[in-house]
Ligand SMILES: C[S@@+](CC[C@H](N)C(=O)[O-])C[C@H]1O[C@@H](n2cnc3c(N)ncnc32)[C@H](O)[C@@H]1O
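One chain comes next, on its own, written out as structure tokens in the form predicted on its own.
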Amino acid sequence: MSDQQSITRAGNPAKPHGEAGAEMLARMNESHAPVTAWALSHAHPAPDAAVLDIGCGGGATLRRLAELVPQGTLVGLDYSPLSVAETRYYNRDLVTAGVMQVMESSVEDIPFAPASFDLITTVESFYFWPAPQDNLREVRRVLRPGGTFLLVADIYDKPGLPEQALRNIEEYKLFNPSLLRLGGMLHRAGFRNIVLHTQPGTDWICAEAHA
């Protein structure tokens, strides 16, 4: 087993904790950067948009989102206390300035009123959602009419996934639906104008869905 695999196992990608979790989150800030940048190219929020990032991890996605909404407000949500702390530290200037809030909570019960956000993102976290269909309905609840939801992952169920990806799916019990299944779930959750973007030469997916 490689050192990185050992760190991931000890840090627990489903709910990062401890020193290994902090190291894993820092690594994920870097390793998830390419798929995040590609996915956010599909987002076109207004400069003053209200943005929510679910499963904010190490905080790098929120930093990128802040560049898209220079007059906006941002919220990061994660049910790992370590992820909340790491995200706050990574974005400490924005938190101090009052334009970003990071809170410990679950996608099962998002602590905001209906229609609170113009853009909602989740990067590499959908694998771990406890009740994916119900959780998508909760995301839809807090998305404003005309708003956009981006669900981003670097794998989805299809033939030819790398062996390491297949091992990770089994070891961490990842929920990894096919394009067809994911599209159906988004539709049943009440989203419309659903587009499933994929990137040639990769296993990436960016599901774009609207309220």
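Fair warning: this is a prediction, and the values are worked out from it, not measured in the lab. In this text, residue numbers run from 1 along the sequence as written.
What comes next is about the form predicted together with the named molecule, which does not appear here.
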Discussion item. With the distance limit set at 4.5 angstroms and only heavy atoms considered, check whether Cys56, Ser106 and Trp129 all reach the named molecule in the predicted complex.
Written reply: yes
Worksheet, complete the sentence: Here the chain appears without its partner; judged in the predicted complex, the stretch of 136-144, 67-75, 112-120, 98-106 with heavy atoms within 4.5 Å of the named molecule is 98-106
Discussion item. Going by heavy atom distances of 4.5 angstroms or less, which of Leu150, Ala153, Met185, Met28 would be at the interface with the named molecule in the predicted complex?
Written reply: Met28
Fill in: Single option in Ala22, Ala14, Ile194, Ala10 placed near the named molecule in the predicted complex, where near means a heavy atom within 4.5 Å
Ala14
Worksheet item: Does at least one non-hydrogen atom of Asn91 fall within 4.5 angstroms of the named molecule in the predicted complex?
Response: no
Discussion item. Do any residues of 141-164 have a non-hydrogen atom within 4.5 angstroms of the named molecule in the predicted complex? If so, which ones, in sequence order?
Written reply: none
